[in-house]
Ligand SMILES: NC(=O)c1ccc[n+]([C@@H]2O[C@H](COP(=O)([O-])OP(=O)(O)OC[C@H]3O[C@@H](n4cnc5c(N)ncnc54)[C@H](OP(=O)(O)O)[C@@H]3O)[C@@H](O)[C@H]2O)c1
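Single chain ahead, written as C-alpha cells, the form predicted alone.
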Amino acid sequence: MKAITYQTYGDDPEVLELTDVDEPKIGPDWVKVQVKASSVNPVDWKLASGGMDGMLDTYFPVTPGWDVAGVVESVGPAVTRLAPGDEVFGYVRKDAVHGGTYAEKVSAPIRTLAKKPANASFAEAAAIPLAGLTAFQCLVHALDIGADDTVLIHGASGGVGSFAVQIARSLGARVLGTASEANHDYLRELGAEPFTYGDGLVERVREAIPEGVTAVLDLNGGDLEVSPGLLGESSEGRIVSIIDPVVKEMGGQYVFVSPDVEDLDELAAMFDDGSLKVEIAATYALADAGKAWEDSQGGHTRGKIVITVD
C-alpha cells in the first residue's frame, strides 16, 4: 500500500516520501481502517524533527499522522463495538511513533476510534479528532467551563482555537479570543470577542472586563506569562496550557490530549447538531503531504489542513 514515510529525523518537509509499505497488522482489540482523509497537526512535523524523541519511542521508517477518518475494513476478534463498513474517525495515537495515518490504511486500537459524525464529510471528520479533543478536554475536563464563565483563549483562530471557541460558546460561556487583526472578523463569526495578542493585552482585556476573566486557555504560549493578570481574584490559577508545562508553576494545569471514545462521541454529536463547524484551510493529496507541512509550518493557518487519500 502507499504511505508517506520519513527515514530519519529532519526539519525540512523534504524528508517525506511517498513509498510502498506493508499493510498494517491488527491485534485482538484493534481494527484496520481504509483511510479517506487525515489532517496535519503541528505535532506531526515536531515529531519528524526529533523534538519529542525524549518522550516517545520512534521506529523508522515512520508514517506520520494521528488524525483519521475512513471506513473499517476488518476488526480483531475481541472487537464488538465496530464492524467492517462502519465509517469512523479518531485520534490514533499509539505507544510508539511508527505507523501513522498518512497512508491508504492504518491499524488502530479500538480505544482511539468512534463513529464518524453522520453529517460530516471524511475531510471534515478528519479535521476534528486531535484538535477537537484537545479543546474539549481542556475546557470540559480541566477547566469545567460553564455558563457563568468568561474564558479567554490565546491563539483562538487556529485549529484547536477554532474548536475551543465553539465548544466554550456551546457551554454557555462568554468567550474572548486573541488573534491577529486579520482574523478578528473570523473570531466574531465563531462567537468570540477578538483581541490582538502581544504587548498591552492585559490592559485591553481589563478595559473591556474590569473584573477580569474567570479562565484562560493557552494554545500558543506567547502570552502565557501575562495570563495570571487576566484572571479575576476569585479565579486564581484557573489557567490551562497545551504548550508549556511552566503553567503548573502558576497554579494551572498542563494538558496533553488523550484518545477518548466518549469525548469523540460528544464532538460528533456537536457537529451533527450544528454547534460545531469545521474550518478547512486547505486540502492536499497524500502525495503532496510535504506541501501541506510547509503550509502548516508557516504558522498562520486559520482552521485545519486536510490530507485526502483516494
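Since we're looking at a predicted model, the values are computed, not measured. Throughout, we count residues from 1 along the sequence that is shown.
Here the subject shifts to the form predicted together with this ligand, a form of this protein not shown in this document.
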Response to the item:
Students should find that, of 215, 106, 164, 219, the residue having a non-hydrogen atom no more than 4.5 angstroms from this ligand in the model of the complex is 219
Discussion item. Only one of 242, 48, 250, 276 gets a heavy atom within 4.5 Å of this ligand in the model of the complex. Which one?
Written reply: 242
Worksheet item: Which one of these stretches, 250-258, 56-64, 25-33, 266-274, sits within 4.5 Å of this ligand in the model of the complex when only heavy atoms are counted?
Response: 250-258
Discussion item. When this ligand is placed as it is in the model of the complex, are 42, 159 and 180 each within 4.5 Å of it, taking any non-hydrogen atom of the residue?
Written reply: yes
Practice prompt. Determine whether any heavy atom of residue 134 comes within 4.5 Å of a heavy atom of this ligand in the model of the complex, and answer yes or no.
Written response: yes
Practice prompt. Check whether residue 194 has any heavy atom within 4.5 Å of a heavy atom of this ligand in the model of the complex, and answer yes or no.
Written response: no
Fill in: residue 130, heavy atom within 4.5 angstroms of this ligand in the model of the complex
yes
Discussion item. I'd like to know if residue 301 sits close to this ligand in the model of the complex, meaning any non-hydrogen atom pair within 4.5 angstroms.
Written reply: yes
